[in-house]
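What follows is one chain in structure tokens, specifically the form predicted alone.
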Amino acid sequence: MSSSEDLVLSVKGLTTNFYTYEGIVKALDSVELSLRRGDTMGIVGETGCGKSVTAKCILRLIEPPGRIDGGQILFSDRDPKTGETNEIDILQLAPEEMLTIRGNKIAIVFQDPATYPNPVFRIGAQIAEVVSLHQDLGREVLEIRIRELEDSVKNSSSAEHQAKVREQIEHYVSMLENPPKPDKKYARKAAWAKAVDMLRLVRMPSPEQVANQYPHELSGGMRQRALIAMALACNPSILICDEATTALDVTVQAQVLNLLNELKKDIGASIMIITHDLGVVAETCNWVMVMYAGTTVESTSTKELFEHPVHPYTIGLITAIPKLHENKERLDQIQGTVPNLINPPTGCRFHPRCAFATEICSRERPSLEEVRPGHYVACHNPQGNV
């Protein structure tokens, strides 16, 4: 991919295996991915193609028997004060260093909103915990103290008391540039206030009330909004949505997708949406990567992908989508089945199902190459207008 682009994340040659009793599952084989700052990227593919494993690798959440065996995950961390960027290889970080990235700089919203909120804690407490863990709340605590003192001035009729309180206000205002470490009482207040603000940001109805409720008291759509609020609580550079709308009905799914589009403008984060639904990609993403059997097969802008698909697998996915203006007795489909990744096909992993495969496809693995400006494909026999 182009090195001149303002990349917030660059994955190079990512290889991940699962060492099981049946054999080594070759889940990811040299995956390539680039996410530009401010973009919304969709990662598309069939179930089992490695989409979620890729997301977990980025967050270093792969657990035994899984292991990341190669590649680089380069995260470009930008200092909010100076604007300077510092490139970090996530795979080289120590576990304690990774804690400053996971949930703080890179956040994730998982698939099932009924599973991931802790059922025994209030929604507000769970969001506040994330804020307390990752953020220095010194400034927020001072702002709370200033507001309380300003209320005290308004409610007091004593000129002497008002003068003393104003002196305190001036003292706290002078400390805003370099706020001290907050005391626990006000830190909890500040974290709770930030939790309510985040629920308000994700358009949650009655955010103060919802913050005091338990997950089982909320609908699926409200739980998903709460999870998004939790993920955004620390103003991450990257938000990963792993099948975030799959478990929701169509109406709520549309609301969540609209919310993500609106939030992208508000928070300025780069968003990665993992899905098997090309309709979701068309509605929310401006860049898309197509995966097949643990490999990257195509990557380009969303408009380019739908207008000029090149890889036979991508073409098969798009032609399989039912169209309202066509009356067919039988839908198009990709022949064959997804390969067993313990013994994946040699060469191109798609060649046993590909109508355009030749002898070289079974022998040599194709590299990801630019066939049109900004359009990358891993195929020995690219189709369409290239």
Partner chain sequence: MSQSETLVSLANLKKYFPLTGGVFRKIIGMVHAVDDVSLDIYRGETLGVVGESGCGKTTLGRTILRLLEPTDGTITFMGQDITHLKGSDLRNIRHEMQIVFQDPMASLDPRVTIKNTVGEPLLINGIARGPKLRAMVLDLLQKVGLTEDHLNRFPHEFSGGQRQRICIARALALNPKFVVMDEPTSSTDVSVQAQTLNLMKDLQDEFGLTYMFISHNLSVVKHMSDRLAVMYLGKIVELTPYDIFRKALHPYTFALVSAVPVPDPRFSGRAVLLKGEVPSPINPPIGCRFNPRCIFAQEICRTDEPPLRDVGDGHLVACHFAGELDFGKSSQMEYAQTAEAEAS
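The structure displayed is predicted, hence computed values, not measured ones. Numbering follows the first chain given and starts at 1.
Omitted here: the form predicted in complex with the partner chain. The next part is about that form.
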*Would you say all of E46, G279 and E329 touch the partner chain in the model of the complex, counting a heavy atom within 4.5 Å as a touch?*
yes
*Just one stretch in 228-236, 215-223, 120-128, 94-102 has heavy atoms within 4.5 Å of the partner chain in the model of the complex, so which one is it?*
215-223
*Decide whether Q209 counts as a contact residue for the partner chain in the model of the complex under a heavy atom distance cut-off of 4.5 Å.*
no
*Answer yes if any heavy atom of R60 is within 4.5 Å of a heavy atom of the partner chain in the model of the complex; otherwise answer no.*
no
*Contact between V252 and the partner chain in the model of the complex at 4.5 Å, heavy atoms?*
yes
*Is there a heavy atom of I321 no more than 4.5 Å from a heavy atom of the partner chain in the model of the complex?*
yes
*Only one of T85, S152, N258, Q168 has a non-hydrogen atom within 4.5 angstroms of the partner chain in the model of the complex; which is it?*
N258
*The single option of I68, L317, A55, A357 touching the partner chain in the model of the complex, heavy atom within 4.5 Å*: L317
